[in-house]
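Below sits a lone chain in structure tokens, taken as the form predicted alone.
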């Protein structure tokens, strides 16, 4: 009996140690999840806190007189003459009319710097679209300069010493007078979403980068999906199992782990230097990203084909279907949800890539929004890279805002992959 009691005690102690070890493992797992989620939330909160203000733009209300003596002195109504007029004089005259006491050179310089330089171009485009405005007065909300924008948003502190901020005391006095008359406001910045890049932060937007990313992904999807699926079908369903196909499989798996910049070097050597394709074009970027995403799509597609039960193939062959009919009429439809999921994940990976695109020149400063895959353009990750290297404080918030937009696209694409998998996945 003593031996039985000792054995029972030893077994209980061993079980207690196992249970305690499992509890410790669970706690460690929960702690790991907690810390991981916490770091991700901190990262997102930091990006959001720095970037949400980029979706707002400070504007100043001024009464603009479309002076014919400045716009069209000869009354020719010639668009070429109107387009060459100095429209900056219009808002400068409005500012001088609003602040007649600003007579010194420094005061006038600070006064004119309240408004963005791009206002002159917007006034010009407005008059070219509607020449009937010449000689009239209109009260307009004009885009403020980026430093004034940072001041209004609180990124530049008014109570700091003048030597420690880029906005002078005289400029702050002008702004406070405008605020007292409700002539300063913050409105949603459509420019940030629709405009191309610019040297002036208040005029810069992600519209060109978004269109460049869209054209690049369209090229990538149109090439990578059919080629990747066709390769997976051949290797999994038709290719003989020998050393040659084993070598192909090993190389596909290895290519999935190759650093993305290597594909950029390949694109630089082959597509640009050898074939002479246009630099900075989404077409070349799509070709490079196609090479990068093909291994991912092939591996995911082969896994989907393997998951289809053998009984489906045998049943189709048993009723007289050919090998091709079996694959394309029965196996492929069952494997397509997994293939689509793998493709979307590959596209999300391609959307976030910047290193291979830097090698083919998509780091260029592009102002115009591309209209085709052959136009010079950049993409969102590269645009973020360019803005992050800019010294102006306003570009910092635009960098964070562009990261928010990019993360939004990535989350949406991954959510779509999850939804498609849940909607069409079949369990055998």
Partner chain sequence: MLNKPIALAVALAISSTTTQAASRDYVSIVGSSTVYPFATVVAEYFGKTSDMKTPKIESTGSGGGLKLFCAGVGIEHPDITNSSRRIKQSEIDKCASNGVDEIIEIQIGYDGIVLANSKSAERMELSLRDIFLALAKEVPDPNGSGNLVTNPHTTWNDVNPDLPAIRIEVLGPPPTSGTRDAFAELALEGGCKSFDMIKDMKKSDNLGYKAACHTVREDGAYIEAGENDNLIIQKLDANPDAFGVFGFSFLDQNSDKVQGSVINGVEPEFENISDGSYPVSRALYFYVKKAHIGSVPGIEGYLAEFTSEKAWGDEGYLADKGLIPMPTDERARFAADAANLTPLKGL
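As the structure is a prediction and not an experimental result, all values here were calculated from the model. Numbering follows the first chain given and starts at 1.
This next part talks about the form predicted in complex with the partner chain, which is not shown.
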Exercise. Do all of 166, 363 and 374 end up near the partner chain in the predicted complex, with near meaning a heavy atom within 4.5 Å?
Worked result: yes
Problem set entry | Heavy atom within 4.5 Å of the partner chain in the predicted complex - the one residue of 287, 350, 148, 297 that qualifies | 287
For this session: May I ask you to choose, among 64, 56, 47, 386, the residue with a heavy atom within 4.5 Å of the partner chain in the predicted complex?
Result: 386
Exercise. Would residue 198 show up as a contact with the partner chain in the predicted complex if we use heavy atoms at 4.5 Å?
Worked result: yes
Exercise. Does residue 109 reach the partner chain in the predicted complex, with heavy atoms at most 4.5 Å apart?
Worked result: yes
For this session: Could you confirm whether residue 172 comes within 4.5 Å of the partner chain in the predicted complex, counting heavy atoms only?
Result: no
For this session: Mark residue 367 yes when one of its heavy atoms lies within 4.5 Å of a heavy atom of the partner chain in the predicted complex, and no otherwise.
Result: yes
Problem set entry | Which of 277 to 285, 131 to 139, 335 to 343, 67 to 75 sits within 4.5 Å of the partner chain in the predicted complex, heavy atom basis | 277 to 285
For this session: Taking the partner chain as it sits in the predicted complex, which residues of 110 to 138 have a non-hydrogen atom within 4.5 Å of it? Please list them.
Result: 117, 121, 124
